[in-house]
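What follows is one chain in structure tokens, specifically the form predicted on its own.
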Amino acid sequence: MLLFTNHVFQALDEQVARLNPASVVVLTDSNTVECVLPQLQSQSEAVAAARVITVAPGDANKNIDTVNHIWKELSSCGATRNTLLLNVGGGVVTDMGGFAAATFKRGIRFINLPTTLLAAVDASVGGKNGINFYGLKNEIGTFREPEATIISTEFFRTLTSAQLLEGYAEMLKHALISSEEMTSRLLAYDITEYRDDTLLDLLRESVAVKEKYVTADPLDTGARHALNFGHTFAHAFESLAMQRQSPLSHGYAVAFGMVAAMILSHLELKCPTDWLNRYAAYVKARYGTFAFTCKDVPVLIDFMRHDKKNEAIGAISFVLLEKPGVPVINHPVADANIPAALDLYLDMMA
């Protein structure tokens, strides 16, 4: 169930009452504990009475050690299969909390309350939950839908411009695989100066794009692959950044990854250069660039070969665009065009 509302406290208590759990446990991170949890505890009866599990923030902590901590805390507070887990936070919390809930006692119910734009538009929608493993993004995970996801702009005032841009990258992705009109509109919108009502409408439109693909392909075996546009490059960039011990946020990685994917789309499918140049200029002006060298190209390609979306051993699966609104999934790519796309990325984004 997806709920779009800025009456978030009332909506949350109504959903908890509907589910009537034996107990409620809140999972959050140390940032959200300071910025969001006090407001929730003062205005939501369900949160005020709940046990709180706090984890360290950041993608570097989205791992089995942190999940082990969550499981231990659930056990220590006597959680049963009728316990409800409230995942309150960004994409790391909703991804990891969903995975912990899906596996604890073979599955307990959970609600996602995303507090970042990135989590609202991407991580808390679609039933994918997971953790990083062995230096690879989301290598271990489950498919399990939350009982409800409550999407609101209520907590976005605590976000920096960089954090808003992280989430906006996924909204741009939804636009790029949806239509030229939506792409033009979002490239002209200033997310750092958003209005609550306008942004909630844009979120509803953006999430509807994802929901269309999720409904058609809930287990991600075909059409839903379109939602991975830019992510093969993005996950490789994130993995390289983790290897350097200088993590790159997922949203920024997606923004950069879609530049590389549009370059590859031009090389393979003649995606119009005006759209490529327009999008690349937008990213460079607002997100900067991800720095790597020609020596890193083989490493990046090796990371791509380990991407979980690949189906044939040694082959790399890409989602490309003929133009905005016309995605092409599982497109076979000429071997020489992958390093060529990365080299062109370095030239365009320098």
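Sequential numbering from 1, following the sequence displayed. Between two forms, the rigid core is the largest collection of C-alphas that superpose within 1.5 Å. Just so it is clear, the structure is predicted and the values come from calculations on it, not from any experiment.
Missing here is the form predicted in complex with another copy of the chain; even so, the following discussion is about that form.
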Of the listed stretches (200-208, 134-142, 152-160, 174-182), which one has a non-hydrogen atom within 4.5 Å of another copy of the chain in the predicted bound form? 134-142
With a cut-off of 4.5 Å between heavy atoms, is residue 195 one of the residues that contacts another copy of the chain in the predicted bound form? no
Against another copy of the chain in the predicted bound form, would residue 129 count as a contact residue? Criterion: heavy atoms within 4.5 Å. yes
Within 4.5 Å, heavy atoms only: does residue 189 come near another copy of the chain in the predicted bound form? no
Would you check, heavy atoms only and a 4.5 Å threshold, whether residue 103 touches another copy of the chain in the predicted bound form? yes
Between 233, 229, 99, 168, only one gets a heavy atom within 4.5 angstroms of another copy of the chain in the predicted bound form; which residue is that? 99
Heavy atom contacts to another copy of the chain in the predicted bound form at 4.5 Å, residues of 61-88 in sequence order: 64, 68, 71, 72, 75, 81
When the rigid core is used for the superposition, does residue 235 move between this form and the one not shown (threshold: C-alpha shift of 2 Å or more)? yes
